[in-house]
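Here you get one chain, nothing else, as structure tokens; it is the form predicted on its own.
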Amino acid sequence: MRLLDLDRLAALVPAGATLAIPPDNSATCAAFARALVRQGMRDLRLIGVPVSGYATDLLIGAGCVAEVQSSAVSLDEAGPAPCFTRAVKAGTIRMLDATCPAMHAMLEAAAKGIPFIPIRGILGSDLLAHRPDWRVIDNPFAAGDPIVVLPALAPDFAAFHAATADREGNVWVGRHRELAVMAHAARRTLVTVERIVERSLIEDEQLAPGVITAAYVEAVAVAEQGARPSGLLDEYPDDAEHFLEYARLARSEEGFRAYLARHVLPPPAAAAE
């Protein structure tokens, strides 16, 4: 595990990579997304696990995204995701529709090292007409029982924010065990955290069940309050006012640029330096 600063962590992701990120209610990597914007990222293929929110919309608005695969993109109580909505209507990004169980199942297949996984609940859905990579086969154990099989989904990168990591690279994610599936499925996992602790998290009997071991983590950066405006576990709550501000400004291109200038990009003097 490498301990890097935030900008160097974001620089590990090349243009065109597939990047899996969690939604606003699950340790989202907001500070990491803002770092990608500052670095001028392009052509990302985002994977929302299982849905997408602020970070995805921000990256789309900044022109960083070519494709999104997710079961939904929204700002929850703050309303629709404005940049995503504009981009889909304009045809500037490709959207691969999915369902929440499907997103989790495809990642679980990759984590288990199997090429595909069967799933119930999609037969009869319009999704099958738009997802040629999802196929219907006969259940080999029960005649006359069609079932959908989905391909394993192994992202180039997974990125998320967590409360704590130790010096060995073990990361505590608490009750958000879906983050472990992301880390196990991805080829490389990048994590921002609130703090680094000196003790081994894996040796703590109370913390160990919520730990992703260092074997699955390539690099970590400290980014205090790195999930903001989302909340993080029991560390801090959502910033509802910030979400509303973003939703209001991002309704227009001009407003979105004002948001970037206020909250994402360095001030002009700092940029000149």
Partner chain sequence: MSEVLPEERLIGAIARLILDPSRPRARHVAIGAASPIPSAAAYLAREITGDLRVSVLYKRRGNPFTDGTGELFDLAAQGRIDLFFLGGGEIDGAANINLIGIGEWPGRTARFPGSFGSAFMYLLVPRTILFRLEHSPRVLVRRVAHVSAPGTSPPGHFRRGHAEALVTGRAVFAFSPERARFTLVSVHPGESRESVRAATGFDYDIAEPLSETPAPPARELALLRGPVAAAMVPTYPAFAARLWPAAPIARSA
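Residue numbers count along the first chain shown, from 1. Treat the numbers as computed from the prediction; the structure is a model and nothing was measured.
Form predicted together with the partner chain: not shown, discussed below.
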Residues T164, E224 and D239 are flagged as a possible site; in the model of the complex, is every one of them within 4.5 Å of the partner chain by some non-hydrogen atom? no
Contact residue in the model of the complex, from V217, A31, A62, V51 (heavy atom within 4.5 Å of the partner chain): V51
So which of D126, D138, E203, D133 gets a non-hydrogen atom within 4.5 Å of the partner chain in the model of the complex? D126
Find out whether any non-hydrogen atom of L190 is located within 4.5 angstroms of the partner chain in the model of the complex, and reply yes or no. no
Partner proximity in the model of the complex: S252 to the partner chain, non-hydrogen atom cutoff 4.5 Å: no
So in the model of the complex, does any heavy atom of P101 sit within 4.5 Å of the partner chain? yes
Just to confirm, D97 within 4.5 Å of the partner chain in the model of the complex by heavy atoms? yes
Within 4.5 Å of the partner chain in the model of the complex by heavy atoms, the stretch out of 109 to 117, 182 to 190, 144 to 152, 164 to 172 is 144 to 152
For the stretch 71 to 90, I need every residue with any heavy atom inside 4.5 Å of the partner chain in the model of the complex, listed N to C. S71, A72, V73, S74, E77, F84, T85, V88, K89, A90
